[in-house]
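Below, in structure tokens: the form predicted on its own, a single chain.
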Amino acid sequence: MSGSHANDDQVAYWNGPEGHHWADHEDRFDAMLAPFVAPVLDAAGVDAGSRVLDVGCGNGALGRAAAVRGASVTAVDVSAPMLARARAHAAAEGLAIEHLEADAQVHAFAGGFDRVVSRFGVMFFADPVAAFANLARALEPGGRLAFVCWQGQPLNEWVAVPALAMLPIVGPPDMPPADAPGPFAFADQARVEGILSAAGFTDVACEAHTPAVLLGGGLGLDDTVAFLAEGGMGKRFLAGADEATAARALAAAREALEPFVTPHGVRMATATWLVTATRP
């Protein structure tokens, strides 16, 4: 790893099995999360000539879409496996994107950006106020921040439906506190608004954004269940379960997901916040 970090647990996590899982299954994740790309870029006002910082860029889909619009893009992430995919795709598409393997909470950005964007990449900071204050420093006065983050787990069918099906069989997983770094750390609108205001942003707004997604990016039912089992949520639920118990839990998840099967894949509701703010 290069550079300095304030989020060692997340650095380890996204360079371990979960980071490799996201890199190895990038097509599935990109297809699943495609409905969130244009709304983030539109909310930020990204167009030709924009100078964009893509935070938690992952495999790079959001940054590439910004570059296709004619923006100058710098993309940052702590995950070496996903950055390797992002660099390879940008090169293959002839997009001149700068990729930084760095912790956005503490990295000394050169500045000069007029847009900071993220697609589910900003909920993992150990100190979110410090992180967003650092991002504000990277923005020019009047620069705009836009990102999408998950609302609560119960509001997201793609999580709640299989989780509730497995719960009676394997019991509740070991979960961190609600405000700990993780996918649902920004579920509370008031907390998000407070963090951004404390970090120096103004005009903070959280708009509910609820597109349906294809769980696993359009897989068949059995492959969708396998995809869930291999991911972070599945591993948390199945941790410690013996083979027979895990099989029963996954069978229950399959049965619960069956009503959501369409000709295009397992289609389920999401609940997110589309968050915007301005550096004064």
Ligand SMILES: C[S@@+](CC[C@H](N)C(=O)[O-])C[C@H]1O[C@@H](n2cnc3c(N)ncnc32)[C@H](O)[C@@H]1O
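Every value quoted in this text rests on a predicted model; they were computed, and no experiment measured them. So that there is no doubt, residue numbering starts at 1 and follows the sequence shown.
Keep in mind that the form predicted in complex with the named molecule is missing from the display, and what follows is about it.
S.K.: Want to guess which of 200-208, 119-127, 86-94, 161-169 is within 4.5 Å of the named molecule in the model of the complex, heavy atoms only?
M.R.: Answer to the contact question: 119-127.
S.K.: Tell me whether Leu33, Val76 and Ala102, taken together, all sit within 4.5 Å of the named molecule in the model of the complex, counting heavy atoms only.
M.R.: Heavy-atom distance to the named molecule in the model of the complex: all three under 4.5 Å.
S.K.: Though the named molecule is not shown, can you say which of Ala185, Met82, Ala146, Leu139 has a heavy atom within 4.5 Å of it in the model of the complex?
M.R.: Selected residue: Met82.
S.K.: Which listed residue (Leu53, Leu228, Cys57, Val46) meets the criterion of a heavy atom within 4.5 Å of the named molecule in the model of the complex?
M.R.: Checked against the cut-off, the match is Cys57.
S.K.: Closest heavy atom of Thr276 to the named molecule in the model of the complex, within 4.5 Å or not?
M.R.: Because no heavy atom of Thr276 falls inside 4.5 Å of the named molecule in the model of the complex, the answer is no.
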